[in-house]
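Next up: a single chain in structure tokens, the form predicted on its own.
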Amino acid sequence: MFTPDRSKYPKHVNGRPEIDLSSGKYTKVWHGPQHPGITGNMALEITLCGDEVVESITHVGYLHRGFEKLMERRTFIQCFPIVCRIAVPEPAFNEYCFSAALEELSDIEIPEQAQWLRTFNLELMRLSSFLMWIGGMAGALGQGTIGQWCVTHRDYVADLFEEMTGGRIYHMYMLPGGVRAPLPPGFKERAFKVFDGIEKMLDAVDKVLYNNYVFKQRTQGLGIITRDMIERYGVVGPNARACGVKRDVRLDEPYVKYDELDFDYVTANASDAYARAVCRFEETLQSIDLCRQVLNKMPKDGPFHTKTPNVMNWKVAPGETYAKAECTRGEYGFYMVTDGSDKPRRVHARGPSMTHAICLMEQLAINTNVSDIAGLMVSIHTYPPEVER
């Protein structure tokens, strides 16, 4: 486990420092909550010695709560609109995991066309989320212009979602049995034009942000995640791959049509905030490439939804399963238990934000300069509603 140098700080008891605030040596401040932002409605209670962090405690509870318990009191189809809100910038992964779990328990196989449409929707969602993250990381370290660039092009991606699903943010597109609709005419050409524009913008981001001396100085060496922290804290996604760990659900346990696409792990070795930023930049480009591959390989027609039981009286035989996918932050999964009724007996959403935002963040913040806390928080990429659930 990573152990910061606390020799000049007070003794720690049960993992927390014994701090005498009345001594005048320490100051307690709050960082957040603020919205909009990548870390959004989440706050850190920070104890400082000068401008250096001695202790950090994560506080959530400022946003959506109780999703999992709400689902126990609603029919399966009534649960469907709820799950999207668990991770607001990436609702598609909640739609997919909920639908995939219900389909497995109900022994439903979705059509080929629906598999490809789901793959495209999920990868387009990753692209949208990565654009938001790059803009947020730049903004956290004073590069607000890049945030405007990324938000603009994320809006163009939202236009594609609106064409595809009818919604820009909450799509409710992947429902049990398949998807709601095929792609509209001319969609492929319009999508390729958007992808070309994003690639051109990312080339400018690479020059202005990633090769910026100040950005490198502030992120290189910041928030280093050591190899032995990976399993201890359940680190997944780009945070783990920036340590050189080859772990990606899309490649390790392929779902929908990922086994028919050509791509590989994106890794780095420095394991600091800059390495995590580089991994996410490369994965943004990878998502564009995968979206193009899907649109080129997708059948032109075919059924996009299979017959399902009456959704108003859908009873699922007793059973349990775990459906997962690779979101921009790592493994995202739904554990579902059914008891033969028309409602889930239990639903648990496993998101990477829980361990990253609390267990990991509280360790990485120690000995960090208070001015770098925002950049550190964004670098581990968390969504607070996923923590609160």
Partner chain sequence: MMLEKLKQTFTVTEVKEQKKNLTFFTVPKEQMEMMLITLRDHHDYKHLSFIVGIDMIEDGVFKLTYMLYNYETNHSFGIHCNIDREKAEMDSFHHLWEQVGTYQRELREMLGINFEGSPRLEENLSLDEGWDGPPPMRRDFDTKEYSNNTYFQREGRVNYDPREYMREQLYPTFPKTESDKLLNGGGKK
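Positions refer to the first chain, counted from 1. What you see is a predicted model; the values in this text were computed from it and never measured.
In what follows, reference is made to the form predicted in complex with its partner chain, a form of this protein that is not presented.
Exactly one of the stretches 127-135, 104-112, 256-264, 280-288 approaches its partner chain in the predicted complex with heavy atoms within 4.5 Å, and it is 104-112. Highlighted residues Pro89, Glu189 and Ala268: none comes within 4.5 Å of its partner chain in the predicted complex, counting any heavy atom. Its partner chain is not drawn, but in the predicted complex it has no heavy atom within 4.5 Å of Asn41. Thr47 falls outside the set of residues with a heavy atom inside 4.5 Å of its partner chain in the predicted complex. Although the partner is absent from this view, Gly234 contacts its partner chain in the predicted complex, with a non-hydrogen atom inside 4.5 angstroms. Proximity of Val53 to its partner chain in the predicted complex falls outside the 4.5 Å heavy atom cutoff. Shown here without its partner chain, the chain has Glu320, Thr321, Tyr322, Ala323, Lys324, Glu331 in 309-334 lying with a heavy atom within 4.5 Å of that partner in the predicted complex.
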